[in-house]
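Just one chain is shown here, as structure tokens, and it is the form predicted on its own.
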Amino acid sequence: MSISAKAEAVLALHRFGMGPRPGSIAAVGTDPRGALIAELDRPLALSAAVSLPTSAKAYRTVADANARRTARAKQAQQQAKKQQMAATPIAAGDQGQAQAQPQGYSQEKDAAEMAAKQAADAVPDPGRPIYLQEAKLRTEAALAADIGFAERLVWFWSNHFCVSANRIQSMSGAYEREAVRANALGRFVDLLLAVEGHPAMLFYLDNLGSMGANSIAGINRSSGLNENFAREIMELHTLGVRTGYTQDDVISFANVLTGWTLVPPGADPQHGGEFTFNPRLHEPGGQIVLGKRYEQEDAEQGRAVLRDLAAHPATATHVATKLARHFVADEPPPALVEQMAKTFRDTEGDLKQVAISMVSSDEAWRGPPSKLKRPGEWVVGMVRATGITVVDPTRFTGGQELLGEALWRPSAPKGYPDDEASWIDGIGRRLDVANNFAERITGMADPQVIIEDVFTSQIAPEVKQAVGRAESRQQALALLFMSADFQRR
């Protein structure tokens, strides 16, 4: 393989994949574009996921644990109060009636509350272990991938249609598997319908209790409409900002989406946590969204609007821009964006074809590897270079949080940003992580082997020189991991 072919293979692995790992440059061969496209034909399902609960099952498991925790706390508090009453002397001349405020009352109250807390804490929280199992499966899939282009697409779409584990920890990983991973290489409309109808998204964007003013529930309870879900779908998930929709469109769409909720786990132990359409919450009658009237009376009304949003020209441009920005450059070439948007429109949102259009374009390869990787990509790339394929999810997610990109925990519905300005201030924290990782793997990873065998010497001369002059293997590894060859794509 020529030097230029090796350099293009390295660029393919960094820009579109998860970074070089042992043997990956040879696997890419002399046709990196073809290798990237070929990877999209391989299954995206995670075979080990059969051991993990569905999102609804995970939700029920946590809800059941919370119910047991509450029940045990009440039992412990009641038992403590009975013991206190039995030990409290009856005041003279006050037959059958305890003193109103016996001495030590506040201490006894505190003791009852402490007993309740201890009883509740004795019931383990299953949400955290589920989250860590999902994180481990996802991370190890990225480490084991030959190139990682398909995994990067899953990560991209998961961030585009983000939810937050801070609000719905039990479902966050399963949501990505069920709604995103299953549709990341299919049609955009199918992906859109899957994510917007997923209970995790409905929970995250506050749609569970949204009700129309003229719905049965709205009239009886005088509750209100929540516009969050509709607004974020239009602004973030489909059309993009300033694309012609109005506040009236948001309100109408929010009314369309009333009734999209989930089955309460306490009401149905078999199907709790699953999507359901509740007609008692739904605003009756037709609604006008973007100039079109939708007359359906059930969940199909919302699905009809989503289908039209998926087919809107503004959605094609919005999606193409975000994809090109994520993979290629903070300011992607306009010609590349237009080519990808055209492919989106021509194929009715075939996401695999849009991805192929991107990597087939010369515009996607011309720029130097100057785009700063997000923390998650950098960490995975660093670990991949060592050949490690098994991770401790507690340590891994802790490192992600330290770097400001906690897994499935973005601070807002727009997800994590993809521009350098948002991440450049965190380079110092990356050095801490690189040093810590280098210290732990010093005995199993040789920086010279990584340079020569993993990167086939496609590393900047000044980096090779710095690594060669390092005072220790740990320092050499840290210098290598912090180099532009690892940090940029």
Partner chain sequence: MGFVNHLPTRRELLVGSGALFAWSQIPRLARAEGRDPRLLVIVLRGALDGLGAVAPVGDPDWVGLRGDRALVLDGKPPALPLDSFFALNPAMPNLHRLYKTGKAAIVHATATPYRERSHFDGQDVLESGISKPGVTASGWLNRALLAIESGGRVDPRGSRALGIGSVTPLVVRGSAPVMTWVPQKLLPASEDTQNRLLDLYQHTDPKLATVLQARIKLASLGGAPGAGDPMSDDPTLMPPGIARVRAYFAEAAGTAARYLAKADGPRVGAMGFVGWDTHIAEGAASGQLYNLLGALDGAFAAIETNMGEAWRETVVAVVTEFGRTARINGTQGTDHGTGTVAFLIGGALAGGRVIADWPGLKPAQLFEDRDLRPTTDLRAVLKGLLRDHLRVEEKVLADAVFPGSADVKPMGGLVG
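Nothing here was measured: the structure is a model prediction, and the numbers come from that model. Numbering follows the first chain given and starts at 1.
Not pictured, yet referred to below: the form predicted together with the partner chain.
By the criterion of a heavy atom within 4.5 Å, T54 is excluded from the residues contacting the partner chain in the predicted complex. Proximity of I441 to the partner chain in the predicted complex: non-hydrogen atoms within 4.5 Å are present. For G428, a non-hydrogen atom is located within 4.5 Å of the partner chain in the predicted complex, even though that partner is not displayed.
Residue contact with the partner chain in the predicted complex: D432 places a heavy atom within 4.5 Å of it. Residues with any non-hydrogen atom within 4.5 angstroms of the partner chain in the predicted complex fall in just one of 110-118, 234-242, 292-300, 377-385: 377-385. Shown here without its partner, the chain carries G398, L402 and V467, all of which come within 4.5 Å of the partner chain in the predicted complex through at least one heavy atom. Of the residues given (A122, I219, M85, V390), V390 alone sits with a heavy atom within 4.5 Å of the partner chain in the predicted complex.
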